[in-house]
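Just one chain is shown here, as structure tokens, and it is the form predicted alone.
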């Protein structure tokens, strides 16, 4: 079932007005007809709707069932991602949004190969946010996760310090034991930051600053993972832990 996002101003009583690119997609790409059903997500809640009216520039979706499906995790995961090269961040955004992240914070790190000026940062952010929206639609999310402005490492650590738990996948002498302990600390309602480095990894100064910000260093296993694989794996670990312990109690 298709999912579309609207703001609160699109709703009047039990109807949503949809216009713009979604109107075009519904009418000219999907070629939906009166009576077809789809999801409309508004302010974090999804509603089952039927297509009730089609006009030239807008259409009307009538609510069949309120609060139809909640697909959001009870924990807000924020991925702090060291800027990778090429289009790897696009893949990371797509897959971690599907897995349930609440937001992605691109971070400039000492070993990041990519260097962006202000103009490119703005252009990339628009592109990244569009990818997040598409992934949210595909995975039937109730909200579109935010892709934040690219942050310096110093500012990223200030934001990370605000998290209820801050995890950093890195070489760790205790291996998966530390990972299990860290996952056991995650409870519903928490904000959890996950910092993943770029292709070149972290330098010692960055790890020290992360520890000062309260980071818990964890392992993702005995193999060396690419930056994009590490990001997806770390978020998936957190998501699976929460989904398998839906009552908030660890096993």
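Predicted model only: the values in this text are computed from it and were never measured. Residue numbers count along the first chain shown, from 1.
There is another form of this protein, the form predicted in complex with S-adenosyl-L-homocysteine, and it is not shown here; the text below is about that form.
Asks: Using heavy atoms and a 4.5 Å limit, would one call residue 10 a contact residue for S-adenosyl-L-homocysteine in the predicted complex?
Replies: Judged by the heavy-atom cut-off of 4.5 Å, residue 10 is well away from S-adenosyl-L-homocysteine in the predicted complex.
Asks: Using heavy atoms and a 4.5 Å limit, would one call residue 223 a contact residue for S-adenosyl-L-homocysteine in the predicted complex?
Replies: So residue 223 counts as contacting S-adenosyl-L-homocysteine.
Asks: Is residue 200 close enough to touch S-adenosyl-L-homocysteine in the predicted complex, meaning at least one heavy atom pair within 4.5 Å?
Replies: Residue 200: contacts S-adenosyl-L-homocysteine in the predicted complex.
Asks: Is there a non-hydrogen atom of residue 148 within 4.5 angstroms of a non-hydrogen atom of S-adenosyl-L-homocysteine in the predicted complex?
Replies: No - in the predicted complex, heavy atoms of residue 148 and S-adenosyl-L-homocysteine never come within 4.5 Å of each other.
Asks: Want to guess which of 64 to 72, 46 to 54, 215 to 223, 32 to 40 is within 4.5 Å of S-adenosyl-L-homocysteine in the predicted complex, heavy atoms only?
Replies: The contacting stretch is 215 to 223.
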